[in-house]
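In the block that follows, a single chain appears as structure tokens, in the form predicted alone.
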């Protein structure tokens, strides 16, 4: 699937930068263009793989390249004011060659959480290609302002995109890990899962051909609205791994191979998802097996797909394989789309409701206090 990637804000820019590097690593061919947008000059300069001419600085008139300071309302404002600057970079993208836009943003900061929904709305107004979002939720220990930003941004972002794919940092942070090491590892987790999904079907002449190709239409049909999450499970094909389980004393063991692939699909769906949810709440799904072609068991993929169909109660569960000849592991990617039973989203919605109620209460109290001051001032004037 050919994508135009647009990283918004610090987190979004870093993830898109990592996507470009990952595509080169696996030869995926899914990144048609990569753009980074930010209100902070230092963040743009810190990128390594996004071309300099595709790095767009916004908000110079207001914040002079110093960022918006976690103010997502200001992030939205400077995006609206400088949308032509962003459009200038998008005009250099060969849009006729892409299958979709993917707007990537951290939802806890200011520029990304405020600006990404504004850009998504702008893109949908102009182009016919689907516009997807990849939203990265902040960990709960990062501070109240970031959680509040995420709560506000989530509601807007999911409304403006064709589908919002979500990665929850709260699930992936490791205890005792430094912030720098933690986010570096998390970014790798993000690009590997989503990168393998979008790379499926983009085959070069020298690549192995899949038995069941996962083309862009399969992904687009799966991502028809709502919120999505991805699971991924893998196992090496070295001794003690898939290779040994695929063979018996007489050679290839078809039954073992089928069972192992089916188990990988189950592990992917029931293991650590990018956004934890109840699997049964998904409306649609896609199963993709990855790894050396000789170890991709088609019957196992089909059984895994059937199992997921039973788990979700949905008839819209697709499946296929993505051969990667130079890898020493077999994996299963499970995309769950249109999920509704998501505890983290429920929490964010509650935060947004409480914040709205608190804001209204504070404003009402402020108005009462101001009115009281006016009345007191009038009484004092009368005394003199």
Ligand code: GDP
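Since this is a predicted model, take the numbers as computed values, not measurements. Residue numbers count along the first chain shown, from 1.
Absent from the display: the form predicted in complex with this ligand. The rest refers to it.
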Distance check, residue 86 to this ligand in the predicted complex, heavy atom within 4.5 Å: no
Contact label in the predicted complex: residue 237 to this ligand, heavy atom within 4.5 Å: no
Residue 117: touches this ligand in the predicted complex, heavy atom cutoff 4.5 angstroms: no
Exercise: residue 223 in contact with this ligand in the predicted complex, heavy atom 4.5 Å: no
Options 133-141, 153-161, 310-318, 117-125; stretch whose heavy atom lies within 4.5 Å of this ligand in the predicted complex: 133-141
Contact assignment for this ligand in the predicted complex, among 166, 286, 190, 265, heavy atom within 4.5 Å: 190
In the predicted complex, the residue from 69, 46, 343, 65 that sits within 4.5 Å of this ligand by heavy atoms: 69
Residues within stretch 104-121 having a non-hydrogen atom within 4.5 Å of this ligand in the predicted complex: 106, 108, 109, 110, 111, 112, 113
